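Just one chain is shown here, as structure tokens, and it is the form predicted alone.
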Amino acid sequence: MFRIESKIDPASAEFLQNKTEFMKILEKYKETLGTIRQGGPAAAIKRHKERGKLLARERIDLLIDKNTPFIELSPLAAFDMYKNEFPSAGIVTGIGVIHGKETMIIANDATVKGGTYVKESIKKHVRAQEIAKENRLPCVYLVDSGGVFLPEQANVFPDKYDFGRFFFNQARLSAMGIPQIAVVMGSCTAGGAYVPAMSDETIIVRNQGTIFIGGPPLVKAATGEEVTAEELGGAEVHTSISGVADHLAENDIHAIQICRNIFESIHRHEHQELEIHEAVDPYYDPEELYGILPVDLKKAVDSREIIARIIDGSLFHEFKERYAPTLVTGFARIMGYPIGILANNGVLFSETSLKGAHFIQLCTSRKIPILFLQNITGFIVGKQYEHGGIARDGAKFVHAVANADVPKFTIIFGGSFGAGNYAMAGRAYEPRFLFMYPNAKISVMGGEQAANVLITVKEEQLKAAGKTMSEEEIDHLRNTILKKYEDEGSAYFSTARLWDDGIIDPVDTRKIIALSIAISQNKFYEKTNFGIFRM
């Protein structure tokens, strides 16, 4: 491999100006994240602690091995929605290590509307289970939830990927031999009662945890029977009478210790072997990314400059360096793990698509995970390119991405627009993880292009009716569309709706991708079978 030769001057005025602008974006993100991670309102947090309970993230910190990282997923879920009354969508999910085993952790935050679920909470919970299934990760459910948020019941109850999907997934995970442990640390009501009931082992906290299909108010309404929550489904009931729970804990700390004890008897499955080398820091400082990453997406960025600051030793074996230069492809290592990289360096042409498909075939045949670095406006358009078969050749690229069964990871470091999002392993193409930088944008096309298209369509409609638009009307329509695309294209809009697995600080890329590869090793990489590539 050869070291990438950077052409960036960190002392230049352009670099320093870009870094200043990027740091403003990054600071806004970190401030927002800090606020969200506080959980619910101060009064709810105070009540929670007065009951002797730990906060959701405190529980996770105690559960995972000391001095090991925790990859929190989608912490800004539901951001700027529901009047911001559901920080993190009321649930904390992520991957940590328990007794040396990578584990998916799903923890309700009872300080947020009693841990109840809105649409984004459910989507986040289901996504966590999907990741567990894809990577054969044991699951721990830290249960403290009032179930469905009743005012939103129509959006959370009946559909395929709504509340009932939790239990469907638990059944399928269990059938695959993936361990699931439930720790009932608060309310576990109605359908939510199936979370502990369908787990391999269940722990419940005395005078704190409750499990019942119908709570005291519903029991009284249905039968006239008056019963307390503890009498109906408390820890004593379920550990000594019903047998629904297996272990009685005195408090949160005791419950977490029991959970850790259980993990001593959980064995790691046979896993994918990779040729791992000793990790080497990049030759170039990763913090230089702040001066390189695009603040203005119209500005071209050589993706090799990004690659050079995230790979070991900045050493890169580039594939087809001189051919189809708008896509950079090649092999490298990230913290010792082998990785194939596809990074955008401009629009996608026919030859770019063929190069990408070829490189993906190399990665799948060698069982090497793939990292997609997105900064893409889409495929080239125009008569010349349509006649040249851009749709046919683009389809080859999309075929290759869709069928590649080695783990895929995606980082959006600039723009992600149109079908370019698909070809570069957007959410629809099931990368194991997809993260965005805080400067990133994502939409069907850029705002200016959308404005021009919609104005043209509107003018043609009016022309057919013998009417025209004034310059003021055109400007108003243009500004309305630009604002809409600016708002809906932001990384915050995306992550709030779980179109990604979270916004990350660029300097954390190496750590996050390395951990992602390690997580993916828990399952053997499947053989890739490609479909029909039109010739």
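Please read these numbers as outputs of a predicted model, since none were measured by experiment. For every residue, the number given is its place in the sequence shown, counted from 1.
Unshown form predicted in complex with a small molecule; subsequent notes refer to it.
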Any of the heavy atoms of Val444 lying within 4.5 Å of the small molecule in the predicted bound form? no
Just checking whether Ala404 would be counted as a contact of the small molecule in the predicted bound form - the rule being heavy atoms within 4.5 angstroms. no
4.5 Å heavy atom contact, Gly100 and the small molecule in the predicted bound form: no
Taking heavy atoms only, is Gly96 within 4.5 angstroms of the small molecule in the predicted bound form? no
Partner-proximal stretch of 276 to 284, 67 to 75, 148 to 156, 430 to 438 relative to the small molecule in the predicted bound form, 4.5 angstroms, heavy atom: 148 to 156
Which residue, Arg260, Lys367, Lys123, Lys113, is the contact with the small molecule in the predicted bound form, using a 4.5 Å heavy atom cutoff? Lys113
Of Lys484, Lys30, His476, Arg51, which residue is found within 4.5 angstroms of the small molecule in the predicted bound form when only non-hydrogen atoms are counted? Arg51
